[in-house]
Structure formats: structure tokens, C-alpha cells
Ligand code: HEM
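What follows is one chain in C-alpha cells, specifically the form predicted alone.
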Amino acid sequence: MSKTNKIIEHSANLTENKSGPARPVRVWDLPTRVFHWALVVMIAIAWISAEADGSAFVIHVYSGTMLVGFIMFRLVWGIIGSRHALFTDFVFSWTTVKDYSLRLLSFRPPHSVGHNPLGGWMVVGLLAVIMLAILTGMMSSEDGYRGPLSHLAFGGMDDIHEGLANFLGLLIFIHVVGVFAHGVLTRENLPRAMITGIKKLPAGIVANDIRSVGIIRPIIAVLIGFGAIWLFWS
């Protein structure tokens, strides 16, 4: 779907007819769902182990390195994944984001088949901040730890790394609050949809089930993710 058609489709949803029973639509593919929840777990592990001492700090280092593979997988999957996993499907223009935000502020946000315009940019923001936090962590040198990229910044990224980690925590908090608020206003259960892959959408929204992604594309994305991890572990 072209960018123009995507914006037109979302704009049409701003005035959709919500009459009639909600119907189930398969929106999220399995790789996207596994990535989402695995990322939650890995970030939690990295966060909890950040203040660990001695050999336990290795958990933080390894979890951070694993996150490199996660981010690389998602970048690849944003190009070769199923329809609503693609960056071209959820990175909207400023005009569309503004229109959606105005509807949200009036407590009548439209339903979106995939990510809504604000949620789409939140995904981009989270991925960017996670990657920056990882890179600055690898450039850090503290308490006997020397990151694999510490020579690039002479180990002087500790404070920036901690600041990015705190900023990531803020973004995650905003994301969770946004998901909760979206559910209250639209009665959509987004966490459940990210588990089952299925959204229940109003009858007035034109939407079709996503096509199967097969096995080749997920394998390609996973291998590239593992390749990124190996690059920093080797």
C-alpha cells in the first residue's frame, strides 16, 4: 500500500461508522508478537541487573548485547515483515499525527487497524533510545568494566548511558499509560491483541487479516539479529 493510500485509509477511519458488532481481524504476525514480549523481558533483565556488583554485572552486559540483536531483528522485520509490522504502515506524516492527536484530546480517538499514529512514532522512539542506550553502554568504562566500544569515547559515556536508561524508563511509562488510556477510550484490548495477534474492530472499519509470513522471512531476520550479537561478542 502506498503512503498516500495509507493516509487516506487512516483519515477515513477518523469518521468511521462504528455501528454493528465488532469483528476479529488478525493484525499482528507471530514474529512481531514474540519480539514485543521478549523485548519486554530483556529490557526488564537489563534494568534490574544494571546496579549489580561483581560477576552479576555480566547479566547486564549480556542482556544489553542481546538487545542489539533484538533491535536489528525489528529493523529488518520493519522492512520484510507482514503489513502492519512494516515501518511504511505505521510511520505517519505530521498532519495525520496532528489530526489523530486532536481527536484523542477530544476523547474520541479513531480506531487504527495496526499502530495508531502516536503509537507508531512511539515504536520508533523506543527503538532509537534503546539502541542509543546500548551503544553508550558499550562505550562506557566503569567499575572494572570496559565496553567493546569504550575506545571510541575513552570510556566517558557512563552518565549519558544512565541518562538514556532513565529516559527509556519514562518512554515506557508513557507507552503503558497510552495503551491503558487507548483501551479506556476505544475499548480495545491492545495487550491481548499483541498476545493473540487479533484485534476486534468496529464493523465500519475496512480491514483484512494479514497474510502468512511463512518461514523464510523470519529466519532471515533472526539470522541478521544473531549476526549483530555475534559481531559484538566476538
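Start at 1 with the first residue shown and count on from there. These numbers were taken from a predicted model, which means no experiment stands behind them.
Separately, the form predicted in complex with this ligand exists; it is not shown, and the next lines address it.
- Taking the partner from elsewhere, F35 is found to have a heavy atom lying within 4.5 Å of this ligand in the predicted complex.
- Remark: D209 does not count among the residues lining this ligand in the predicted complex, judged by a heavy atom distance of 4.5 Å or less.
- Among heavy atoms of Y145, some come within 4.5 Å of this ligand in the predicted complex.
- Contact annotation: A56 falls outside 4.5 Å of this ligand in the predicted complex, judged by heavy atom distances.
- Across the proposed site, I43, A165 and K199 without exception bring a heavy atom within 4.5 Å of this ligand in the predicted complex.
- Contact annotation for 190-219: residues with any non-hydrogen atom within 4.5 angstroms of this ligand in the predicted complex are L190, P191, M194, K199, listed in sequence order.
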